[in-house]
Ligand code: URA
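Just one chain is shown here, as structure tokens, and it is the form predicted on its own.
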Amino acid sequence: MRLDRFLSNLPRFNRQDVRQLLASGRVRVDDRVRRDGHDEVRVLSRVELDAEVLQAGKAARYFMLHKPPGVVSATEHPEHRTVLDLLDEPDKQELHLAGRLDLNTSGLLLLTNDGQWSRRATAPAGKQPKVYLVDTADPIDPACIEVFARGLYFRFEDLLTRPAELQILAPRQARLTLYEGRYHQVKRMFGHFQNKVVRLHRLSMGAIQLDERLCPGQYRVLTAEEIASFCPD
């Protein structure tokens, strides 16, 4: 929410009051004087007027979850268990997903209440690599390596996928690195070669790798280093 709107929503201030408060430098957000009403106020932000706290702000929370197959990447669902059902945390409904996984896809999933952080983690412009372990029904055609590296045309979206890196590990298994996240992208890429993906597991996002100590359904708090990997320099 914009800072001027945040202040205007308080019953004691009208728009003229807000302009005067900002111009006089009496408003601080996260301990910095703010004069621009377009500045963003997040649920995590601490907002002060002189010595009065208008919003205390909430602590930022960051989690890594080993998502098992059969669990929905959503905060609620009428039929399936959701990833939030796997968390034993207070106020977990305040969390959201930084990137999703399909129902039957397993692996690394990030959850947070920090909207700016999750946007940096998932923004296409950021070109953060996402690494997957792929198992297929049929042997993988080595031609996939060059085709994936050039990009595949997706007619429905009328676009060419970004170059992807494929490393064949076994006749029916490969490691695939993507730099975007199109709808069912991995399945569609292998479907171009009439090969069905039978298992898909995300190993990492950017510099954050799935903790090998986490069993499916388990989670942990991200380390400071992991959190910083998606923060601007």
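Counting begins at 1, following the sequence as shown. Being a predicted model, the structure only gives us computed values, none of them experimental.
Another form exists, predicted in complex with the named molecule; not displayed. Remarks below refer to it.
- Contact with the named molecule in the model of the complex, defined as any heavy atom within 4.5 Å, is confined among 95-103, 156-164, 77-85, 142-150 to 95-103.
- Within this chain, residue 64 is remote from the site of the named molecule in the model of the complex, having no heavy atom within 4.5 Å.
- When contacts are judged by a 4.5 Å heavy atom cut-off, residue 184 counts as touching the named molecule in the model of the complex.
- Taking the partner from elsewhere, residue 132 is found to have a heavy atom lying within 4.5 Å of the named molecule in the model of the complex.
- In the model of the complex, the named molecule lies within 4.5 Å of some heavy atom of residue 200.
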